[in-house]
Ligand SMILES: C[S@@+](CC[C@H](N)C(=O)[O-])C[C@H]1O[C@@H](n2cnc3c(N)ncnc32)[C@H](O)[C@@H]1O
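This document starts with one chain, in the form predicted on its own, laid out as structure tokens.
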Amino acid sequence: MATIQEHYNEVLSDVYSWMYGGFESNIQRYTDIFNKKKLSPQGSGIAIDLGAGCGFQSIPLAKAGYFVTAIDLDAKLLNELKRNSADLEIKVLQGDLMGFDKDLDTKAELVVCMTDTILHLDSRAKVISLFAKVFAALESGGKFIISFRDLTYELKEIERILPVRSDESTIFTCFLEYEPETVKVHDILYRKVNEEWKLSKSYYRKLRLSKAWVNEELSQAGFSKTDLEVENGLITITASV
């Protein structure tokens, strides 16, 4: 089994924006999401994007006026973020998101951890630890926004084969293998290079977390209020200090 970093480097990084429907469309999507939540700097103005990737969340937040720290392990995705962030106030750090608080000398107003990032952690204990760290890092009135797929419902037989996206030069398919606490995610990528199809494949594990469990652990970490939305299997939780 590949590590998360290896899996992204071997299969996902080069097609990440394409896989989600394109870079610009996702910048607009998250701009709309944050506008709907009426997010704008009211306190320190510091926002931290955990698992920032290519900047789907970091760029809209910086455009909204936040001073953003974007953290991710993947150098390719962070380079894409840098290329597209121009003169925006975004500090880009390559590293493990669990260490986001090491150099934090001022309380943050906002922390986001979206697009399944918390499912990439290797245990529920790590998730609980992250929630505690985020709570400690936020100023009074600060917010923590999480989004993740509901993998608690187990797909059966051929329903576990998921066509992700395809075009004339790229075909991306995913296969899920369920375990009690995790899902083995097998990604299969075909890309046409010089008229020949080249195969990349790898698998990694994602945690199976229910919205009830996440809500309870946020409460245990000290968050006083949570708002929950579910859309097409994607759970978004906004927790407040």
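Note that this is a predicted model, so its numbers are computed, not measured. The first residue of the shown sequence is 1; numbering continues from there.
What comes next is about the form predicted together with the ligand, which does not appear here.
Trainee: Would you please decide whether Y66 lies within 4.5 angstroms of the ligand in the predicted bound form, comparing each non-hydrogen atom pair?
Mentor: Looking in the predicted bound form, residue contacts with the ligand do not include Y66, since no heavy atom lies within 4.5 Å.
Trainee: Though only this chain appears here, would G141 touch the ligand in the predicted bound form if you measure heavy atom gaps against 4.5 Å?
Mentor: Flag for G141 set to no.
Trainee: Does at least one non-hydrogen atom of I4 fall within 4.5 angstroms of the ligand in the predicted bound form?
Mentor: Yes, contact at 4.5 Å.
Trainee: Report yes if any heavy atom of G95 sits within 4.5 Å of a heavy atom of the ligand in the predicted bound form; otherwise report no.
Mentor: Yes.
Trainee: Looking at heavy atoms inside 4.5 Å, which stretch does the ligand contact in the predicted bound form, given the options 153-161, 116-124, 133-141, 102-110?
Mentor: Stretch 116-124 is the one.
Trainee: Enumerate the residues of 1-28 that have a non-hydrogen atom within 4.5 Å of the ligand in the predicted bound form, in sequence order, or give none.
Mentor: Those in contact are I4, Y8, Y16.
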